[in-house]
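Quick heads-up: it's one chain on its own, the form predicted alone, in structure tokens.
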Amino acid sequence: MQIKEVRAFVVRGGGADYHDQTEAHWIDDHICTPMSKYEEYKQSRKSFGINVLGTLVVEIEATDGTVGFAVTTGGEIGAFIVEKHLARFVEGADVTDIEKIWDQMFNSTLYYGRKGVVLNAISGVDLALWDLLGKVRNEPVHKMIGGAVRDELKFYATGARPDLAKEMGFIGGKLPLQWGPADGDEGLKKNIETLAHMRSKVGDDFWLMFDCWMSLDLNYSIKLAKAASEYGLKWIEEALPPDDYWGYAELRENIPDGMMVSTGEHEATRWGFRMLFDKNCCDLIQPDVGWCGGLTELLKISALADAHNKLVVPHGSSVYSYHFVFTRQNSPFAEFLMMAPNADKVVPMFNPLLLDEPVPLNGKMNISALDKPGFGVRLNPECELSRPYIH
């Protein structure tokens, strides 16, 4: 069976670009970023354009009419790349030619790609190909990549209320860091006070982590980690800019005993992660399957991580990572983004774009939740899709 057509759409308001929120939301409420040193961009991440791209939807139709799809971040830029460049490698190919298509997409875009929105677009096409193949074969994706190694998956929750996450059955809570180097020692003190307050609420056996979103420098990161060790911080995540491999290596050398360094959310391809491993930058990587190169590339990244004794816990990407995590021994738990505005209830991560999107129940998910063909989700017909480019 061959591929007939590739289509790329853009949608606004939630979805894969979960920063694109239309109402007040914890995910946009005074979270430390690389732009926090500028007062006018400190309070809201949307103020500096974090939601400027929007969601990219890629559809791939086979000659028998079967349609696979996937969503990622990429918006109109990603749609242009898919329609005007990547489609030529997909249309006319067999539905099983996933490895060849990935290689052609990546190598043909090297001169302007390698990372960023180009890899997001490649990831979207790759995930749509896996969804299509699963539908053609009438199999869920996890069965096509080795099968599940566990019946149940445990989750930690990312959001502003780890105390509520504990009540909902999650194994841990990851807090967004609010104060960075520009806020000096007083800001550092506020971060530790937040951690101490949350530790008093959740007790000693519940994981607590800090998501620093690339916003710190090495000196501040080390001071934060050492101060946080008193309150049992499990890991410090993405403390430095993603290209500062040397800084991450030094951070890991100076991290308190028992604490982990995590990074990789904004890294891409096996070569990017190889740098992290070669320099021993971290204990745990968190690639986003919608940004790092898709499932085809994530499988290679995971094998490389396994050979270096590193854990792989993908950045929250809903069903696109759940199928993967169920099949890997070095991915013992998963992330769930609390997308309710106040982080006070469990709602589908890519709401409202996907229908049939499974969510954890009491912090856990059974493999039976992923028993439908492909990735097992549908596009919500009430979401307005636009196709800005047609090839």
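One-based numbering along the sequence shown. Keep in mind the model is a prediction, meaning the values are calculated, not measured.
FYI, the form predicted in complex with a small molecule isn't displayed, but the following is about it.
Enquirer: Considering 97, 297, 265, 250, which brings a non-hydrogen atom within 4.5 Å of the small molecule in the predicted complex?
Expert: Filtering the options by heavy-atom distance leaves 265.
Enquirer: Can you pick out, from 372, 12, 25, 19, the residue that has a heavy atom within 4.5 Å of the small molecule in the predicted complex?
Expert: Of 372, 12, 25, 19, the residue with a heavy atom within 4.5 Å of the small molecule in the predicted complex is 19.
Enquirer: For the chain seen here without its partner, which of 34-42, 330-338, 56-64, 360-368 has a heavy atom within 4.5 Å of the small molecule in the predicted complex?
Expert: Residues of 330-338 come within 4.5 Å of the partner.
Enquirer: So, residue 213 and the small molecule: in the predicted complex, are they within 4.5 Å at any heavy atom pair?
Expert: Close contact exists here: in the predicted complex, residue 213 approaches the small molecule to within 4.5 Å, heavy atoms only.
Enquirer: Would residue 142 show up as a contact with the small molecule in the predicted complex if we use heavy atoms at 4.5 Å?
Expert: No, residue 142 sits far enough from the small molecule in the predicted complex that none of its heavy atoms falls within 4.5 Å.
Enquirer: Can you tell me whether residue 315 touches the small molecule? I mean in the predicted complex, with a 4.5 angstroms heavy atom cut-off.
Expert: Heavy-atom contact with the small molecule at 4.5 Å: present for residue 315.
Enquirer: Give a yes or no for residue 131: in the predicted complex, does one of its heavy atoms lie within 4.5 Å of a heavy atom belonging to the small molecule?
Expert: Because no heavy atom of residue 131 falls inside 4.5 Å of the small molecule in the predicted complex, the answer is no.
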